[in-house]
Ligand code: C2E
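The chain below stands alone and is given as structure tokens, in the form predicted on its own.
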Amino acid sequence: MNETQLKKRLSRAAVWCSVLGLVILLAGAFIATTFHRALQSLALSEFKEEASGYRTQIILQLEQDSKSLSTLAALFEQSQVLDDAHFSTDLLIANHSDTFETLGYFNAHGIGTLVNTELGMLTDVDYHTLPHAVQASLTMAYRGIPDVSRLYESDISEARLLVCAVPVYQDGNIVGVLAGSTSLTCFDEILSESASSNQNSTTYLINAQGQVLAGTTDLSSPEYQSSIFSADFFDQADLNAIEAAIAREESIFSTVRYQGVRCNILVEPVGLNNWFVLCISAVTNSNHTIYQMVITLGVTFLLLAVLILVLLVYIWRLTLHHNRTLTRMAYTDELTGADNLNRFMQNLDALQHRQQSFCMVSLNVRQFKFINELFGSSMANQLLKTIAQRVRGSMGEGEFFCREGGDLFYLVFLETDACAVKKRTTALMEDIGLHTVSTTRDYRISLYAGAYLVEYPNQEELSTELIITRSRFAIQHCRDLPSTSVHFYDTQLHNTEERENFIESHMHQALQRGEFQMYLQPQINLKDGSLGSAEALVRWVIEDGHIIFPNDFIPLFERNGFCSHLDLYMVEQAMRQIRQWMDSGIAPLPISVNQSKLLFYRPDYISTLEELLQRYQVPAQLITLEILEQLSFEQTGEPHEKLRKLRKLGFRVSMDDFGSGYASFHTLGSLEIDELKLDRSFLLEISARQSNRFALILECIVKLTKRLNITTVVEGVETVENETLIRNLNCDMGQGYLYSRPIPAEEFTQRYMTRKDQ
């Protein structure tokens, strides 16, 4: 996972965690709000019930006063004392027995009598001289409507009073008005009940202007002299809300700061004279504790959400740090600090996605294994670091490189001119070549490179793997070229690549279909010219009849390991051919079959050959297994041990191409063989140089083999002179075009093999 993908995933995780934190915060807020609303609802319910009780008692008090006046008016009407001389005395007596501050009667002409328990009696009082609030109430009573006046200041008692007025009837007609004034002290008694039941509660009776009419405080307090709207009791915002509710004659409940204390308030309309009950209750300790719990709960949820966010940020940073570390480990070459192949492939994919032209270059060090062995791994690693440093310094903007492994580097130049690429690459290799591996030995570094140009928009669509493969195809052709060579992938390499791709993609299928056919080339006995044996050679004949020769596929099979399957297949074909000869009454001929080195490391090699012998029932001595001299250089004893087992089973062992590589007499001593095949290079050297030195060497080898009881076969006999030479040197067998080219097994049988009865 690259850093961009990780950031996207972390962003999604952050969003989800933030959402979770927000949900927790909202849940806490919801719970706190719900709790708060429940408390507010409970307080409101209690306030509503309390205010409703006060409102009911106030109205009942006024109704009681009105009923008292109505009862007294009925008594006066029935007793017919309204015009009696003793009426004033009776009125005074009634005043003493009732709760009114002042009691008065006004006749139909508006002239009346006022009696007061403390001040006595006033007669001939014109009601038009009374306060306006009293006049308004009396006027309503004259109209037959009982009425309660608004609050007014009494000149007689110097108290704040209100007047109840009822009409007085006689014979069904209004003949006067009976009125009684009541002091607000009665409402104080009603509202004072809250003070006795709840010491934290204060209740007021106020009018629309905010003036306090009655309440649980001392009447001499300042709030009774002015409106609560002008007193410094509430915050301005709270006062605005209360004043607006009063103006609409609506109830309002809120939590405010009253005289510096957090309180709940309720303003409830009385429904009379535009009066309102104002209840103020300080938050008790229990409620305060509950509110503190609500606040604590909200703060807890908030801290939890913050903690989640802090942990998320920490995890984010920690993950990014670890991801950078993992990315460095996953995409960086530990030795040189350069990009590794994974990062290089990603960059190459991105470059192709943009369809930007570039040149892919593979860079290698000549004889790096030798450098490693000669100077040690420490010096070799330092060399690789130096190469990476020099390559990094040569990169332009947008260009990149990597170390694939060992001494192989891949470079991408944003350059498509072959000459320019070659110039840059050569200059880079020469710059690196100036580096001396050892301070004690003057050893100059030599490099070689393969390049592949990718040019858009005409470039065919290729995978990054194929682009790298083509640059490596090109670098393989520089191994035998001078140092600092650069080879470009071209048509010839393309054809080679296509051929190898075809071979590798069809080799297993071809083996199953039997497309690998056995050809035989005779080996002639030089003493009498008779047919002594034959060598089995493979040809790949595809379905359309086209033949692929061994030089095209054998080297590839040796690299990919398929040669071990093919060699066993050829052994089976040889045994099958011998079995056919025997079944046809033809004297069988020994057949030589090439065996690759890889076979000797297969655990089932010996058992497979034994199974083939058992299946075809042919003598093992008719099969000669040809090995290469390289097998003698193996340090492990396993190949040598298997050779001894093969000879014990009866197989003959031949060393092929002796003299073509690093042949030595040590080889003849280390391997137990039955036959030695001398490479055709001996005859070529003798014929080309006309030198007796190679002839003398060949003669010595033959004499040595005679002493070791090893049969000699000379390859590449193409002329009579070649045959005469090897016959005179006392060689045993000759093989070459002088006798025959390799031919199909059927043709070989027809040409050389005869039945015993013929």
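The shown structure was predicted, so the numbers you read here are calculated from the model rather than taken from an experiment. Heads up: residue numbers just count along the shown sequence, starting at 1.
From this point on, the text means the form predicted in complex with the named molecule, which you will not see here.
Task: Which of 336-344, 589-597, 167-175, 400-408 sits within 4.5 Å of the named molecule in the model of the complex, heavy atom basis - done: Heavy atoms within 4.5 Å of the named molecule in the model of the complex occur in 589-597.
Task: Proximity to the named molecule in the model of the complex, single hit among 131, 271, 376, 550 (heavy atom within 4.5 Å) - done: Comparing distances to the named molecule in the model of the complex, the residue within 4.5 Å is 550.
Task: in the model of the complex, the one of 554, 136, 542, 671 near the named molecule [non-hydrogen atom within 4.5 angstroms] - done: Flagged contact: 554.
Open item on the list: Taking the named molecule as it sits in the model of the complex, is residue 424 in contact with it (heavy atom to heavy atom, 4.5 Å or less)?
Closed with: Residue 424 lies outside the contact set for the named molecule.
Task: residue 46 within 4.5 Å of the named molecule in the model of the complex, heavy atoms - done: It does not: once the named molecule is placed as it appears in the model of the complex, residue 46 has no heavy atom within 4.5 Å of it.
Open item on the list: How about residue 535 - does it come within 4.5 Å of the named molecule in the model of the complex, if we only consider non-hydrogen atoms?
Closed with: Within the cut-off, so yes.
Open item on the list: How about residue 570 - does it come within 4.5 Å of the named molecule in the model of the complex, if we only consider non-hydrogen atoms?
Closed with: Although the named molecule is absent here, residue 570 would touch it in the model of the complex, with heavy atoms inside 4.5 Å.
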